[in-house]
Every structure is written in structure tokens, then in C-alpha cells.
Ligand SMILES: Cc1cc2nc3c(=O)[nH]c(=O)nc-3n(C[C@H](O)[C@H](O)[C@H](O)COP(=O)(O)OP(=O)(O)OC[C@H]3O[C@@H](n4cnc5c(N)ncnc54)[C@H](O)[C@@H]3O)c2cc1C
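Have a look below at one chain only, the form predicted alone, in C-alpha cells format.
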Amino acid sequence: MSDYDVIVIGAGGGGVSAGAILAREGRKVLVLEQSDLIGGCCSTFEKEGFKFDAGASIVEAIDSIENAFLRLGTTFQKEVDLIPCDPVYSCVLRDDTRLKIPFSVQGTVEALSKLSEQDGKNFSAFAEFNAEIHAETKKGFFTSPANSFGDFARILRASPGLLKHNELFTSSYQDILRKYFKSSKVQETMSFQTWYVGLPPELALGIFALLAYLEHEGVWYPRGGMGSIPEALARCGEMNGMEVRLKSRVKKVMVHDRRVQGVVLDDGTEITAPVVVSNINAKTLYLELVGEEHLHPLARFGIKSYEPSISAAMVCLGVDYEPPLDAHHTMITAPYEEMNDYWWNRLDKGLLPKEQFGLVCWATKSDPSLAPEGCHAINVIFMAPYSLAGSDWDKEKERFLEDSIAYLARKAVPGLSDHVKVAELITPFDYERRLLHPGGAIYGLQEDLVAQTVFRPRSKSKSIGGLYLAGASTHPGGGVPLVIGSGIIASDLVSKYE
């Protein structure tokens, strides 16, 4: 007899959703998490009375999350207090123009009209088009397996509207923006969202232009921090018998005759199960935990060919004043040409942008309980290279933190430098050490054309029986709703095949 029916490696959103659903179905499930927090890049930590999110900063397109909670016999809204964010974001453009983007489409038309009257009007058509695309994706695109071309054909049959718009898969994000908007400033207000999939506007697929619209179907912040979402999933799982062990790092997946037998922990403890669901990076899973010796040569070549996603640096600040911001999110933007140039000419060389662009997250605007009375918590995320030219993040950490605070005070948050009481920088090295993301990759694997849907590592392993994948490095990709969707996919596949 095995110790458990299912072992889940990693308590990120994909892991806890898969584990909770399988526990609800009556399986004996153990979730093993190497850190002391649930959630991975969707976790919340405390420092000197301030609570900071370690990665994700809002949630939108919540259909797959609602689906997961319905599978658990409850609702997302019942388990998590969701605070709506309006305006959905504010912009500080490269030339210091400031613009507030409201939730309503009509309000956004009026806001963009201040930059270009014609482009303001064009936003209505952009929104209408993307509302149609989003309606098609809700038919199962993000909660259906894509392990084969047959699976992909079934997804498209369920969402026939996607077939009418081939340009979404053959064009880039910037191509779609340029189709609807002619003003460079208007394009700039919607260019930063391409980094939500870890790619510059020139490389992100056209379908990701949907991200520049989705905020207008709702943006929410969970009370208590982003970690409230995976914690709620874990809580529901535990109510159905799921066991969660923190500070329990898996060193090896036991394999015999190309079938999983369980796992081995760092301390040598062996725990057996006929099914393992992995929520960790797929390259780490196959090359380190499973071992190359258990992979077919083609599988070995394939997994090695994947590129890790972009890494990031997160500045976490506790301040003793109300920052002069006007939205939960403030985007410090740049023209898309500048973002493309950063990708092609600086990132691989270990060089930071000449002028930063990033996302300021004022969490206490939505939830004041995250900071002591009279204080506020701010997170700022910058896309950053893992390797720095002529140095490394351990050496540059303090300097980068000081420079970032000075830059933010000058560019977007006046007075900031005089009010910082708590400051911490999460570097790409920290993401690798704390969350075990190789290369600090915050979205798992790169999400360009050759790593989408059927081209990503399969949710049901073809190499190892009883092994299933969830999380950012399998379909449908990175982001809170998507990784939870991957957990639904993995649990459905386990129910079907095991």
C-alpha cells in the first residue's frame, strides 16, 4: 500500500488547486512545499508590521479561479474578500505625461481622447473585439488540456470564434495595438501589459493584446494580500482531507519502469504514491528530480530546449505617509520600441534599461490592513536580467535598492525618499533561492510562439507514467488564473487516467 494516492510537489496556485480538487473527489493527497509560505509567486510575506506580495499584485479574468472553487463546493467570493480596483491603473509615460485609466470602457475612451481623439474612439472597437475573444476563451481554452494536436483541435472546436481571427496567432502584440491606435502615446499606455507574459511587444503573440482589455472586465485585490487566494484553496483542500507540509523540499521523484513510485525529501524520507502532480518548473522536474536517465533522448532534448522566462526585481517599501498615487497600479511606461530594444540589445548582455519601466503596486490603497496605522505598503516590479554584466545581484542589491527609491521619487512617487521605513529588494537570485525558480524565471518558461499550448511541457507526462504537471511551465502558462487553470487540467487528467 502506498502512503498517499497523490503527492503534489509545490503549493503554488496550480498545486493547491489540483490537490484540493483531488481531495474533494476522495483521494488521499499530500502537498509538499519547500518554503514556509503557500502560493509561490502568489504569496504574501510580513516584514516589520508590513505585508508585501512576493509577485502577483492583482487578479483579473477570474473564471478559472471561480471554476476551481465551484469544484470544491464553494465560491471564490465566499472564500476570498475581493476588493474591486477602479481606476484599473494609472500611467506615467516616458515624457512624464500622467493618465488615469478607469474601469469603464466609456471612461477609458474619454481618457485616451485627451491624447488622441481618434484613438479614444477606436478604443471602443478594440474593447468590443477583445470582449468577443475573451468570450471564446471562456469556453474552455484555459481549463482544457493541450497535450496533443487532437486536444488543441478540440479546444478550437469548442471556441470556433478564435478561428475567425488568425492574425491573433500570426501577428504580434504591437501589431494589434498599431492596428487600432496610431498615437504613440496611446500605444504606450497599453504596451507595458506585454510584460505580464514576460515578453516585449514585438515577440508577444497578438492574442495577448487581450490583456490590455481584460482590466475592463474587472480587476480585484484580495483582502489580506495575494496569498489569500492559494491559502483559501489550501484551506478548502484541508477541509476535504488534503494534507499540506511546509518546509518539505522534494529532492527526487522515485521512478521504476518509467512509472512514478513517490518522492524522496531532502532529509532522505521516502513517501510513496502512484501519482505525482508537479507544480514546479518543468526543467527542474525532469532534469533534476526525475533525472535524465529516465527520459527518452528526444524528451531530454526537448526539455533542455525550453528557455526560462524573464526574471524580475521586486522593490518592497513600507512608508509612513500616503503616497501621491491615484490607483492600485501605476505603470511607469516606455514606448514599445524602447521595450523591444531592451530585450534584444540589453537583457542578454546583463544590462538594465537606460531608463526603468515598471509597475508600482500600492496595495494599501485597496487594503489598509497590510500596514500599520498611518503607513502604507508599496511594491514595484522591474523586469531585470538574471546575470548582470561585470557583477551580480548579491553585490548590487543595496545599490540597486537605493537607486530604485531615488528613481521612483523622481519619476512617479514624489517625496518617497523621505518616508521609507522598511525596504527590501527581491532579486532574481532571491526568486531562485526562495522559490526555486531557475534563473529567477517568474513565469516558468518563456511564452513565445514555440512554447504555447501543445508546444509546452504536457500536463500528462508522456515520458513517465503517473506524472502530471501543473503551474506556469505547462499549459495554459503563467499568471494566477492560468496556473489555477492548470491545476484544474491536471486534476481532471488524474481522474480520467488514474
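Here the structure is a predicted model, which means the values were calculated and not measured. The first residue of the sequence shown is number 1, and the count goes up from there.
One more form of this protein exists, namely the form predicted together with this ligand; it is left out here, but the text below deals with it.
TODO: Can you work out whether this ligand is within 4.5 angstroms of a heavy atom in all three of Ala11, Tyr431 and Leu436 in the predicted complex?
DONE: Checked in the predicted complex: all three residues contact this ligand.
TODO: Work out which of the listed stretches, 49-57, 458-466, 66-74, 22-30, brings a heavy atom within 4.5 angstroms of this ligand in the predicted complex.
DONE: Single hit among the candidates: 49-57.
Open item on the list: When the contact criterion is heavy atoms within 4.5 Å, does Ala18 count as touching this ligand in the predicted complex?
Closed with: No, Ala18 is distant from the partner.
- [ ] With heavy atoms only and a cut-off of 4.5 Å, decide whether Arg249 touches this ligand in the predicted complex.
- [x] Flag for Arg249 set to yes.
- [ ] Mark Cys42 yes when one of its heavy atoms lies within 4.5 Å of a heavy atom of this ligand in the predicted complex, and no otherwise.
- [x] Cys42: yes, in contact with this ligand in the predicted complex.
TODO: Could you confirm whether Ile332 comes within 4.5 Å of this ligand in the predicted complex, counting heavy atoms only?
DONE: Flag for Ile332 set to no.
Task: Sequence-ordered list of residues in 279-293 near this ligand in the predicted complex, where near means a heavy atom within 4.5 Å - done: If the 4.5 Å heavy-atom criterion is applied to this ligand in the predicted complex, 279-293 yields Asn279, Ile280, Leu289.
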